[in-house]
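What follows is a single chain, given as structure tokens, in the form predicted alone.
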Amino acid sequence: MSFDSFSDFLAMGGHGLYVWLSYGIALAVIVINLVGPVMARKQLLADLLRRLRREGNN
């Protein structure tokens, strides 16, 4: 499929909203799948460090 202009490309033959929302949702899922475990690991390490400090003082 070829497009005459950039606006035609964005419109995707009248299906632009569906196409670009699909790409956006897919990108959001990928980012969440990449960032989520990193954030969970940071939280787990902080919790473990806090627990070690608390148990070390007793």
Partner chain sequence: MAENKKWLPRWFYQMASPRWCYEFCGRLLPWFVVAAVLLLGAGTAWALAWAPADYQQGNSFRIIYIHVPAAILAQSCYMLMAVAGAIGLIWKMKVADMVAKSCAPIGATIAVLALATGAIWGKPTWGAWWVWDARLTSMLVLLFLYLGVIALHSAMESENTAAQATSVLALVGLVNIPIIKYSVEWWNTLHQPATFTLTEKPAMPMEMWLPLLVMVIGFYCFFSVSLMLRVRNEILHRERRAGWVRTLLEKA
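If you're wondering where the values come from, they're calculated on a predicted model, not measured in any experiment. Residue numbers count along the first chain shown, from 1.
Not on display, but discussed next: the form predicted in complex with the partner chain.
The partner chain in the predicted complex is approached by Ser2, whose closest heavy atom lies within 4.5 angstroms of it. Annotation for 9-37: interface residues with the partner chain in the predicted complex are Phe9, Met12, Gly13, His15, Tyr18, Val19, Trp20, Leu21, Ser22, Tyr23, Ile25, Ala26, Val29, Ile30, Asn33, Leu34, Pro37 [heavy atom within 4.5 Å].
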